[in-house]
Each structure stands twice: as structure tokens, then as C-alpha cells.
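One chain is shown next in C-alpha cells, namely the form predicted alone.
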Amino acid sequence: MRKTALNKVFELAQNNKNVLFVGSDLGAGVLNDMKKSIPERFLMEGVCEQNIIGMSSGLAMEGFLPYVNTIGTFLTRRCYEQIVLDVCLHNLPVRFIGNGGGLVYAPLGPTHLSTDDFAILRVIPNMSIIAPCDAYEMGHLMDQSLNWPGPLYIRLARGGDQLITDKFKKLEIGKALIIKEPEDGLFITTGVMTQIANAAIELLTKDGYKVGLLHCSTVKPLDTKTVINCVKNSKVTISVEEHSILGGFGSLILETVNEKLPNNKGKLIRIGLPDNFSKNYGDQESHLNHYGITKEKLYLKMKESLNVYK
């Protein structure tokens, strides 16, 4: 997924002279072809993330379209004030590409876990947020990012994920994707959690449960109309995110449903990460297992919840 995103930056730069790549000490080999062919638009700075946000905002004011790429935690937490005041306050077309969304960098410990980026960024006016679930969708949304108005945060996952959006012709920033129509229950997901929920649905289908899947690649602005239509047609709705349970995607869904469907009888359950720092060390999968975000646990939670509403 990361490779697709960065290759798209190079492709966009080849077709638009205003596109720039701005990186923060990403190591050798990143976008080597772009560095060789258009070095004046390949800017690899040192470990100075706050500076590259200010630099990118200045470039955007001069008519350029900067794509800023570094590790997600360093891009969001470390640069929060610069993102708010230098970029979003002026509604500048800077694209932030955050590596290692969620638990991808789990082996490096809590300093590198990007599990609060949705909460941090979605409260900023003018900021838009996307989290594609596979490389196919990433390619389509990166193409659209060129003309997206204002700041845009692009959350990258680990990569190498199964393609589940390649059978859909229409993939758009700002539009949720109904992968499976809701009937008894519904999973609402974003990013690669869509992959896990999709696998859980396969288990539920074998047991005779009819569960839908709504993938929201755009967290902000949320496709409220599609979310509400899906939620009101299901007995149980479960949101799944690779993010703190506080202030993130699940909170956004809860706020939306509460506002738009105040008398909704369907139950909304949020699944995410607990409100504490991780004390575990291991890879992304081991962390997801620890927190119970697996296809088996989603299967059991949906099955248990649906049985309550029989």
C-alpha cells in the first residue's frame, strides 16, 4: 500500500509540474526514480518534521502541491500545531501521508503506535482524512487527491493486504463503499480493519447469519447518508477500528447515529483499542490478537449480539 501511494506521487508529479514530494529522513531507496528524473521536486529533509510542515505550507502558498511523507506518529503528534496553524488555518492543499497507521510499527513500542491520529486530526477544521483498505483503492484515491480541496491526511497500513475493492468500479474520496448489503447485522470499518471484518463475515455466513459490511475509506468528511441508511436497516451495528476507542472512527459513527437516528432501536457496539499505552511488544498481529481484534472475535461478538435480538 505504501509503495502504491508513493509511486502515485511520482506519477502525479510527472503529469503536474506543481506536485512535490517532501520526506523526513526516510532512508535510502525511497522514490529513487523520482529523485533521479525530477530532483528539484524531490525534497528529503532530515529529522525535522515540524520544519517540513512549515516549509510545505509555504510551498503550497506559492502554488505547489506538496505530498509530505513520514511516520504517522511523528507527522501528527509532533507537528500538531504546525498542521493546525500553518496548513489548516489557511486551508492549504498539503497532502500528509502517514506511514504505519494503527499498530503497524508495534515492534518499536508505544512511541511508534499511530493509534490516535483520527482523534487528533478530525477536530481540525478543513482537514480531511482517508484510510484505504488495500492497494487498489489506494491507487484510485491517490489519483483523486490531486484535485481534493484543502488539507488531506492519508493513513497508510502495512501493505500486502488482500485486494477486496478491485471488483468495484466507483471508488471515491468522501463516499463509503457497501461491500456487502446489511441484513441482520452490520460491520462499519475503515482502513485494513475492513479486511478482518470481511473474514469474520465469511465465518458468520457459514453459520447462517446475514451480516453486511460498510467500508468508510473516508473518515472525514464521513458519508453520513450511506452510514445512516445502512445502520437503520440492521439489528446490530459494530464499528471496528485500529485506533483508540476514544475520539476515533467509532466515536464518529456513534455521534452520527445519535444525531441522525435518535430513536434508533439498533444497537451500536464499538470495537477498538483501550484507553491505555501498550505494554506489549511484538508485531501488529500479536497486538491485534491481544486486543481481541481478530476475525474469530468479531465473529463471536456479532453472533452473540444478533442472538440477543432474535
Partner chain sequence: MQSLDKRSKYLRSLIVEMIEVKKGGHFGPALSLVEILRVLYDDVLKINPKDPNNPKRDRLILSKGHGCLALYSILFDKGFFNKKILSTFCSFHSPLGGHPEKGKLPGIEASTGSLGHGLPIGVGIALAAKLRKQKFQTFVIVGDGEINEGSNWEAFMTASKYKLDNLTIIVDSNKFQSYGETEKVLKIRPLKRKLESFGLNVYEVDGHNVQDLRKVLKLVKKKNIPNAIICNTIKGRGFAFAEAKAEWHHKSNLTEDNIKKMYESLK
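Every value quoted in this text rests on a predicted model; they were computed, and no experiment measured them. Positions refer to the first chain, counted from 1.
The same protein also has a form predicted together with its partner chain, omitted here; what follows describes it.
Engineer: For the interface check, one of 54-62, 280-288, 248-256, 29-37 should have non-hydrogen atoms within 4.5 Å of its partner chain in the predicted complex; which one?
Structural biologist: Single hit among the candidates: 54-62.
Engineer: Quick one: does Gln82 come within 4.5 Å of its partner chain in the predicted complex, counting heavy atoms only?
Structural biologist: Because a heavy atom of Gln82 falls inside 4.5 Å of its partner chain in the predicted complex, the answer is yes.
Engineer: In the predicted complex, does His90 have a heavy atom within 4.5 Å of its partner chain?
Structural biologist: Contact check for His90: yes, within 4.5 Å of its partner chain in the predicted complex.
Engineer: Decide whether Val9 counts as a contact residue for its partner chain in the predicted complex under a heavy atom distance cut-off of 4.5 Å.
Structural biologist: Looking in the predicted complex, residue contacts with its partner chain do not include Val9, since no heavy atom lies within 4.5 Å.
Engineer: Considering non-hydrogen atoms and a 4.5 Å limit, does its partner chain approach Asp117 in the predicted complex?
Structural biologist: No - in the predicted complex, heavy atoms of Asp117 and its partner chain never come within 4.5 Å of each other.
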